[in-house]
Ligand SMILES: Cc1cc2nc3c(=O)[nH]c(=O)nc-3n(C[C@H](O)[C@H](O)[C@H](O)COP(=O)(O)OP(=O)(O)OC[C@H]3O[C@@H](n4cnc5c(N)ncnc54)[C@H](O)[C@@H]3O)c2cc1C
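Quick setup: one chain, the form predicted on its own, written in structure tokens, and binding and motion questions come after.
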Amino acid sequence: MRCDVLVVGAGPAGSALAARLAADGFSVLLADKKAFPRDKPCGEFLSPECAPYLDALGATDAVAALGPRLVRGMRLHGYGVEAAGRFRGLLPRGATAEHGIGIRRARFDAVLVDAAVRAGARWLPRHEFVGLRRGDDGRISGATLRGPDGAPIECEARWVVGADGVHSRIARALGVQRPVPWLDQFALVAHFAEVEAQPLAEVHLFPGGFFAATTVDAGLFSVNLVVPRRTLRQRAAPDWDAFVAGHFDRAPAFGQRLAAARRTTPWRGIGPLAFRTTAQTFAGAALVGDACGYLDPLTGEGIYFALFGARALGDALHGALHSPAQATAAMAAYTASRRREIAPRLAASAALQRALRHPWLVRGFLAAAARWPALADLVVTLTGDTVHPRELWRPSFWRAFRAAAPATAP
């Protein structure tokens, strides 16, 4: 097989990138080791700022047709305190929605794969990455895949993109993936039925972990339990339902929510949830989405990171493919774009994860957010990606925040 770009991994980052490049007229192969639709452990929340990216992909109507649930903010519980905030209508960065959405990843990802195919990408389900190919000069020149029948397939490509997620085999093959030892966490994910729908996502914090949940399409309740790896190793419960229920005494409000619920999917696990990469671009290759590095986004920003990264890398590859002599500069622009937009958010997420290890900090923040709803709105709006952390240093932001209509009671 020969192509301009081989994209390995058909999650939101890979499919969005494939759609963009195919629409630009490049030959694109989009490969994934799974057949779609496929289940994916995830918080299943799209923040408000994802809306313009879906518009650009022509996927807004297809996503809306799936009946996603609107998510208007977040309710935070922990240590006997509760606070709630809503996405404020600041929209300084051009977002078209003041709400996020809850949608199952199996359905959402399939929509984006369809968008890539409609744009002209060639879809290769059940094609597993085996290894990178290199030219005599050391440049990445393609990859070896394993097809559905187990036979090796050689792909020649001008560029290979690793969009294969948090445990990226391409990042490992390039030798740039590093664990974040202090954040060695795993997530258990399942769907429940017969849970009263609410307009807010939920986070229930307790020492050593948290529950995160939101209502998604078809009225299902998407539940995540995130705990350290050592907790899983030490589990004494005979099954995963008992293991999860064993945490309800530390999150009683959440236990009450699920008291009469019926689990509709098996518990699925994913982890560890923290990796970084020492580089994201190479001669003939690049990484995008979670393959670039992942730090458990308690705030639900993962899909936004994927869509933003796909657009930024799409711009860079468009330039590199048209003008190979400018490839180095184009990839440098991609790296710089990620550094400006995503790096500060990851730093904020890391700081949040460290703060969660200090119950007095969590309790103090929740008490303050409960007392001053505007503080809760501000934090939730930041997690909705329509406000960048650096904007907090600008007086104009605070003027806009004060002028914005205050959130109504959740």
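Remember, it's a predicted structure, so these values are computed and weren't measured experimentally. Numbering starts at 1 and runs along the sequence shown.
Form predicted in complex with the ligand: not shown, discussed below.
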**OP:** Evaluate residue 8 for contact with the ligand in the model of the complex, applying a 4.5 angstroms cut-off between non-hydrogen atoms, and reply yes or no.
**Re:** yes
Original post:
Is residue 41 a contact residue for the ligand in the model of the complex, using a 4.5 Å heavy atom cut-off?
Top reply: yes
Subject >> 4.5 Å heavy atom contact, residue 289 to the ligand in the model of the complex >> reply: yes
Subject >> residue 270, heavy atom within 4.5 angstroms of the ligand in the model of the complex >> reply: yes
Original post:
78, 302, 314, 142: which sits within 4.5 Å of the ligand in the model of the complex by any heavy atom?
Top reply: 302
Subject >> Contact assignment for the ligand in the model of the complex, among 204, 72, 105, 338, heavy atom within 4.5 Å >> reply: 105
**OP:** Could you tell me which stretch in 371 to 379, 349 to 357, 57 to 65, 43 to 51 has residues with non-hydrogen atoms within 4.5 Å of the ligand in the model of the complex?
**Re:** 43 to 51
**OP:** May I ask you to list the residues of 51 to 87 that have any heavy atom within 4.5 angstroms of the ligand in the model of the complex, in sequence order?
**Re:** none
